[in-house]
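Coming up are structure 1 and structure 2: the same protein chain in two forms, each one given alone as structure tokens.
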Structure 1
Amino acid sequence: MKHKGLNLFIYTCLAPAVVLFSVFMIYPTLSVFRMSLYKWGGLSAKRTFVGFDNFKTLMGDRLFLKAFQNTILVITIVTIVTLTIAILFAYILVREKIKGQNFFRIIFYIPNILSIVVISAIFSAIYAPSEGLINGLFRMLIPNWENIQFLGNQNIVMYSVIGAMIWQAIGYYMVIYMASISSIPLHLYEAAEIEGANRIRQFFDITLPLVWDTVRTTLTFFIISSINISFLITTVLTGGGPNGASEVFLGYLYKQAYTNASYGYGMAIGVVVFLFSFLLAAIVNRITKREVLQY
């Protein structure tokens, strides 16, 4: 009787969360899969079942394939560069006992609290062809410098977007890594110094293995969040241009579903994004899995 009362209490506590999760997560997700099988503008009552035709069309859609390519580029470069710089900065600030550590922590974290619109405005000014900071510096150093169209050149526009994303994210992950590194006992580093290990050896033999669980968590989280952030930044900074050169997954989905009135086609893109994100997270978790070290 006691166990039945306990089980009833547990189910009662869990019920609201299960209901909310089902209504706002499971049902919308299943609806996306269902609507991807229809041809529908999104507003009219007429829906035409087309099966997997939307997915077949995707495979030959040049702009979708470009968005897929850009998303892979963003995930690869932004993830590697951001997390590498973040953990190195965190290690230096914690281990080298630099004065004003809290000041640097705040300065690096500020970009993360700024809205995407503000960040895009900052980088629009930095990348501006004639009055921009980068072109201005080059004009001071190099005579007859020809201004670079950072946001107007199809070959470099994605790298310009990637630069903005890296600047925005470094501070957040640096603070996380600083907290994790600070929890490592100092006697481990002292023992390593006695054995003759330098700072680089200490980083790879002590710091990185002991914060690996944090790195794994942030890696998975960052990969998924970069898909969302890339959509926000490209929408404000470039609008997906020029000529679709900076289009990404969610940006193309939004345009198809809500601008071009191809809701079913947009939901097909949503299914691909969902499966891609899920599969990528599973692969990353599998690749980075290792024995947990304790101290």
Structure 2
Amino acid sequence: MKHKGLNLFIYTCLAPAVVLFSVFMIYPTLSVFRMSLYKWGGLSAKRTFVGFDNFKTLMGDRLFLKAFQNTILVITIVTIVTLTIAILFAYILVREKIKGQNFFRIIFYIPNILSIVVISAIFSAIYAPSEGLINGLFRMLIPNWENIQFLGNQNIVMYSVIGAMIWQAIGYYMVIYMASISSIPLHLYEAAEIEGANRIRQFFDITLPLVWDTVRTTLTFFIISSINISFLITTVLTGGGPNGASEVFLGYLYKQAYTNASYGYGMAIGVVVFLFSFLLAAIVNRITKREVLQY
């Protein structure tokens, strides 16, 4: 009798979560894979099974290849720059005697609580040609300053997007690394100091090896969030322009699905991106594998 009551309790607690999760996450995810095999245009229910045709078309699609290239550029630069700055600042804030340590931590984390939409609007004010903050600053400092088209120049636009992404991400990763660094026992540093190791040696020989596991975890975060955030920022900030120069993976997916109404083709992009990010995360995970150090 008691047992029956327990089962009833368990499944009552679980049922709403399972239903919501299945309907709004599992089913749509399976749909992505299924739809990628169909040619499905417009809002009509008409669709034809085409097998892997969408994927074949994709391989020859110049705009998709551009988006691919841009995404790899974003992942590489954002990861390297953000990781370096975040871990160095985390080390400094935890290890050095810095006045206003708390203040810096609080300020650096602010971009992470802002909507991507807000960040994009702020950066469109920063990057604007004549009324923008950067160009305005240089005009005051250098008399014959020629305005830089941060968002209008095809060669620069991707780096402008990357700048905004780094600005947004540093504080978040810094806080993660700070938690990890501050759990390293102090006596290790004290011993190193007695041995005469300077701060830089200490960083590479003690801090980095001991937080390596955290770094590896965040590398996966970097890959996944670079793909997502580059999409959100370019959607608002550049719309993929000028002339497709700042198109990224998911932005192209969204465009194919809504502007072009090629749902099947859009979903094929989704499948490729999904597999790509998984593969990349697995590779990165593999090559960064070190023996875990204990303290």
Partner chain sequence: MNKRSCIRQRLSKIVIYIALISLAISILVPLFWVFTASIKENSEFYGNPWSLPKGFHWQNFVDAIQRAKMGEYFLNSVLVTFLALAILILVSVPAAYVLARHDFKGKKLFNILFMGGLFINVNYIVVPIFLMLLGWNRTAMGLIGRGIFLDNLFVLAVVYAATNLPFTIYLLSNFFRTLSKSFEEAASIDGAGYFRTMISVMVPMAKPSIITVILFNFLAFWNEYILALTLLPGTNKTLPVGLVNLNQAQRGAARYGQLYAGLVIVMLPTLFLYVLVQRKLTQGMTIGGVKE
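Superpose the two forms; the largest set of C-alphas matching within 1.5 Å is the rigid core. Residue indices: 1-based, along structure 1. All figures in this text were calculated on a predicted structure; none of them were measured in a lab.
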ask   = Form predicted together with its partner chain, is that 1 or 2?
value = 2
key: C-alpha of Leu63 off by 2 Å or more between structure 1 and structure 2 on rigid core   = no
request  = Could you tell me whether the Cα atom of Ser22 shifts by at least 2 Å between structure 1 and structure 2 after core superposition?
outcome  = yes
ask   = Does Tyr11 count as moved between structure 1 and structure 2, where moved means a C-alpha shift of 2 angstroms or more after fitting the rigid core?
value = yes
